[in-house]
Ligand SMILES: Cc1ncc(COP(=O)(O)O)c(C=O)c1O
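Here you get one chain, nothing else, as structure tokens; it is the form predicted on its own.
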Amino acid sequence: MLDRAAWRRAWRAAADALPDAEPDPVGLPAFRAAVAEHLLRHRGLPDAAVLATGGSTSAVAELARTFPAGARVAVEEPGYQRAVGALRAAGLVPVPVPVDGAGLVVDALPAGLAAMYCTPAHQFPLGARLSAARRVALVERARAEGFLVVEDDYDGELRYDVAPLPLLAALGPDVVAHLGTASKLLTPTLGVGWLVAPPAVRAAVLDLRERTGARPARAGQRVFAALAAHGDLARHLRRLRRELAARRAAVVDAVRAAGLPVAGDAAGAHVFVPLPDAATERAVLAAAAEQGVELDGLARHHLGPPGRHGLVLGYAEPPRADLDRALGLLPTCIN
């Protein structure tokens, strides 16, 4: 979906820069300014003090290393297992917290947390949007109990027929670390993202980078900044929203035509299709594989034993012809 001429132009602009005289732990000024403008225009977050990162998971890994070993971090269940892996690799203890149709169940958060990792704009993988009331409740608990909320806004720019809800970082800039990425917006191969966090958290990340020599790569930052500077980023986002809205409609229609419900279709680039049990989930995945179609089941997205079952259908990556073919085969795989 990327305009190839704009993509080439951005890479040429990135290549025009002279080699850096010294490493920079913060990020290129042009990149940080472009992200700040993007967050204000598309996510309603003003005055963002941006740190460059290598993407959302990379940022989770950096944040995790600023906590003491053994600290407890709540995660959504089911949830994003790469984030869970990053927490474990840093010696932290992930604590599963249930999710329902209104997102994270804030009342189920245990005491004694150092942080809470969540995906409020479009919960991964169930697709729920965290309700406004629960957003306020989560920020209030974080303030009262002294834990950090890590808000992974991995596809927050993408929503359909619904009004935006306030970012957690806008509600609680003192207790929320906001993560963004170019992975869904542009491509995961660019390896670029951003972090907006309270001053103490920002300082801890910069201190970690200074002690370890870790630096976010600058090539992707330059490409992102060049796309933003020429207006190509905004044009691409408009095209992306139109294309994904059409794909989302096709996916929803196909699933409902097969006699199944759909959840999580108000935002993002995937939907969730509930199934009655684990055996049905395995059978559908196997039937699809026999047809040459790779589907994603909910089982692998659990930290503990799977408590819910279904399909996680992403529709952004495959070429449209491949997506249409897979949707055409869906009824035979399900029935």
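Note that the structure is a prediction, hence the values are computed from the model and not measured. Numbers for residues come from their place in the sequence shown, where the first is 1.
This protein has a second form, the form predicted together with the ligand, left out of what is shown; the following refers to that one.
Residues of just one listed stretch (85-93, 127-135, 179-187, 245-253) have heavy atoms within 4.5 Å of the ligand in the model of the complex: 179-187. Using a 4.5 angstroms threshold between heavy atoms, residue 224 stays clear of the ligand in the model of the complex.
With a 4.5 Å cutoff on heavy atoms, residue 55 counts as touching the ligand in the model of the complex.
Remark: residue 80 counts among the residues lining the ligand in the model of the complex, judged by a heavy atom distance of 4.5 Å or less. When the ligand is considered in the model of the complex, residue 151 lies well away from it, no heavy atom lying within 4.5 Å.
Along 107-127, a non-hydrogen atom within 4.5 Å of the ligand in the model of the complex is carried by 117, 119, 124, in order along the sequence.
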